[in-house]
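Below you'll find only one chain, the form predicted alone, shown as structure tokens.
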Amino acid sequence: MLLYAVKRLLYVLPVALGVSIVCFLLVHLAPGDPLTSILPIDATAQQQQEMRIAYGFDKPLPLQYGIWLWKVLHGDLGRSIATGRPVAIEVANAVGNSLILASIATLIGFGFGTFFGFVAGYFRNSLLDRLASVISILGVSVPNYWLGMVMVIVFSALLGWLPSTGAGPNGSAHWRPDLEHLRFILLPALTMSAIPMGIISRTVRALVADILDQDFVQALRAKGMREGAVFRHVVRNAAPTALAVMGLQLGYLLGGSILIETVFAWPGTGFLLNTAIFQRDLPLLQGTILVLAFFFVALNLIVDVLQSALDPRIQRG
């Protein structure tokens, strides 16, 4: 088990390096000059050059990458061009909020998706199967930003049950695990959980249907094993794949929640990315994308190790 984890970690290192290169180059290939957002309109050529030197934009691109990577390895993601604050602090606050939101949304999606998937898989071609399939297809098909706006209109504007924006009272940007702050996270979490619920539901249904058709399940039933014990065997065989899907969905939600966080003004990485893009804030944009990419790589590593713990055949393979 330890040897397998070390091997997976060694595989991750070149992937992480490649991610950093792609992250750095993609941001620099985008059109426009990032300094235009902070320089006055009547800035002289000398002022522009001084600003470029201050932010290191006057150096060749490979040298810029080397300096940037060295600073990143020492925990320095630079300073935001728009605010002047350290990017590491900005990203740390946003990542914390996004991780809370994505984790709750993933748990909701995984819970309902697994339930619908098992129901549909166990009762194939029945009314329950069709109903669960319709719900999962709707979860994947409905645009989450549209669903978010509908949730705001219904539960906030019309019924007045839940707040529509922010992470806490009085526009607070820090979420806490209490009843008052829980009201602020319900709408974005439920909206965000729709897609993982649909994906996990369809995945689990296919897994359960395939496992129930395998010979070992027929043999267990032929030996007179109770259905509850058979169900436990089905869960054990379906768990590694379902866990992998859940880990991927958590990674996707961390990096792909720009629209939902913008709709609900949730102070997470998606909202921060949206702000950095419109302000052309290169250090903030680079730092946010890099941290999200590393989170995704780390989640894949954790899921791989957990899968091997649940299913030793993965280690042998």
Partner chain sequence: MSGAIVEVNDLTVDFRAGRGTIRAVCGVDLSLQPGETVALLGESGSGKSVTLRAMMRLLPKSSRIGGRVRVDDRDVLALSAAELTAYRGRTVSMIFQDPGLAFDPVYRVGDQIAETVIRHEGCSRAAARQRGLELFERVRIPSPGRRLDNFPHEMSGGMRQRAMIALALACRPKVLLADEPTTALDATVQIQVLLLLRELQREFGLAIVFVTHDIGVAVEIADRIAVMYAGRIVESGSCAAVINTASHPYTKGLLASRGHARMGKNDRLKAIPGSPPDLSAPPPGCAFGPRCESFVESCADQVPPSVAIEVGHEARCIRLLA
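Nothing here was measured: the structure is a model prediction, and the numbers come from that model. Numbering follows the first chain given and starts at 1.
Keep in mind that the form predicted in complex with the partner chain is missing from the display, and what follows is about it.
Highlighted residues Phe216, His233 and Arg236: every one comes within 4.5 Å of the partner chain in the model of the complex, counting any heavy atom. When contacts are judged by a 4.5 Å heavy atom cut-off, Leu107 does not count as touching the partner chain in the model of the complex.
Of the heavy atoms in Arg226, some are within 4.5 Å of the partner chain in the model of the complex. In the model of the complex, Leu220 approaches the partner chain with a heavy atom inside 4.5 Å. Segments offered: 208-216, 107-115, 91-99, 186-194. Contacting the partner chain in the model of the complex at heavy atom distances within 4.5 Å is 208-216.
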